[in-house]
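For reference, the chain that follows is the form predicted alone, supplied as structure tokens.
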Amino acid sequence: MIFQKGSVFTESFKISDEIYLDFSRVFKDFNPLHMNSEFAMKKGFKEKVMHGNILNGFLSYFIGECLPIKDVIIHSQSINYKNPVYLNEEVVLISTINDFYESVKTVEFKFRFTNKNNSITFARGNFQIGLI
């Protein structure tokens, strides 16, 4: 079978100006923490903080486009944010199959987003997909 418990998949992403600005425009989220460096620095961050849900977008892309099978649907997902992500930062998604239930064609993954050298975890969570 194409999905086996313990299999690991990785994908890298960069939060570019285009992704950041398009996300802000599409979802109309102009919170000053995301848009104003001075505001963010006054709150203790080194720069304006990228929207956490950009990582959810990367996760959706990964599930729909990077897995070795396209006939999938997301059943559930959860994400816990651990550290802020900044503009032009490269994030690496590391996703591991936690379990596979062939009888109901369901795959459970755990994942985390880290920096390039794996020293900072930006977010972690899990998702479950169905094979359709």
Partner chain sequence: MNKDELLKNVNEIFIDVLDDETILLDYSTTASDVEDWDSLTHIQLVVAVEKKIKVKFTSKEIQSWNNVGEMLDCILSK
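Values in this document were obtained by computation on a predicted structure and should not be read as measured data. Numbering follows the first chain given and starts at 1.
The same protein also exists as the form predicted together with the partner chain; that form is not shown, yet it is the one meant from here on.
The partner chain is not shown here, but in the predicted bound form it comes within 4.5 Å of a heavy atom of Y101.
By the criterion of a heavy atom within 4.5 Å, S7 is excluded from the residues contacting the partner chain in the predicted bound form.
Mapping the unseen interface onto this chain, T106 counts among the residues with a heavy atom inside 4.5 Å of the partner chain in the predicted bound form. At the 4.5 Å threshold, heavy atoms of K70 stay clear of the partner chain in the predicted bound form, well away from it. Put simply, of K46, K82, K42, H75 only one has a heavy atom within 4.5 Å of the partner chain in the predicted bound form, and it is H75.
Of the candidate stretches 92 to 100, 59 to 67, 22 to 30, 46 to 54, only 92 to 100 has residues with heavy atoms within 4.5 Å of the partner chain in the predicted bound form.
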